[in-house]
Structures are given as C-alpha cells and as structure tokens.
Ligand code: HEC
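Okay, so here's just one chain, in structure tokens, the form predicted alone.
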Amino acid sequence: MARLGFATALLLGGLASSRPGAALEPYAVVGDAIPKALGAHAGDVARGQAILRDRERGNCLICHQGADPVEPFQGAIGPSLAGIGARLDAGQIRLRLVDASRLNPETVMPPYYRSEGLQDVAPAYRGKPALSEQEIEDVVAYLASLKTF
C-alpha cells in the first residue's frame, strides 16, 4: 500500500528535489528537444542507471520496460527503454524527462522537472521538481547510452 501511495505522489509531481525550494534552471525547447544540459551539468551513466531503477526516486520501471530483462516488475504503459539512445538524441530524451506534456498534453508521463501547474501534490512536495538538474542529466546520460535493442 505504501508503494501505491508513493507511485501516485510521483505521478502527480511528487518527489522532493535534492535542493528543496530552489528555483528551476531555465532551459530552451528547440523543436522536440532541450539541446543544452540543465545548468551545464554533465551526466553520469552509472548514477542515471541507479536513479532509473530506484523505485523511490526515478521509478521509471513502474511504466517502462528497461534495458535489463532480469529487473523484476517492469511496466508496459510507456515505450520500452531498450535502444532509446538509438531512437532519440540526448536533447529529445531530456525534454521527455523534464516535461513530456510539452510534446503530448495527454501523456501519463510525469514531469520530472516542473513544479508549477500540478494537481493533488502533497504539501511537502509542492514547489519542488521530482528530480534535480543533476539527476535529470544523469538519467539522460544513461538512456542516451542505450543504443541496442
């Protein structure tokens, strides 16, 4: 039951950033991408993989199949992440993590780097993005490295 409540909070914009109350870094959307890293942070593949698999941070596998078939309890709502680095460039991945609703207003993908315009967010999480700039860049680095299906 606690996991279900956590997943709901995440889907509604839930997790606190590592910098509570900090202003979000500005970014520019160009076409279907955010070409420049958030705050000029370099991503780390290993940290990104850990965030993606972490059921209490990124929680990506609640909706997606990952690149590792032995990971238990993977979702089927979103597209497979296997080979995503061959399908999308880093900027395209970044925009989907930051706020996929900019591409598809009907998406169920939560915005991981937006804090405004969200509904039903617990008071402790209001005004905070789900992931920090560094965490976004780490996940981008990991997903961009997934070139094979």
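Each residue number is its position in the shown sequence, starting from 1. None of the values given here were measured: they were computed from a predicted structure.
This protein has a second form, the form predicted together with heme C (HEC), left out of what is shown; the following refers to that one.
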(Q) Check residue 43 for me: does it contact heme C (HEC) in the predicted complex (non-hydrogen atoms, 4.5 angstroms)? (A) no
(Q) Taking any heavy atom pair closer than or equal to 4.5 Å as contact, tell me whether residue 30 reaches heme C (HEC) in the predicted complex. (A) no
Q: Verify the contact flag for residue 87: yes if a non-hydrogen atom of it lies within 4.5 Å of a non-hydrogen atom of heme C (HEC) in the predicted complex, no if not.
A: yes
Q. Should residue 112 be counted as a contact of heme C (HEC) in the predicted complex, where contact means heavy atoms within 4.5 Å?
A. yes
Q: Taking only heavy atoms into account, state which residues of 58-77 are within 4.5 Å of heme C (HEC) in the predicted complex, ordered by sequence.
A: 58, 59, 60, 62, 63, 64, 77
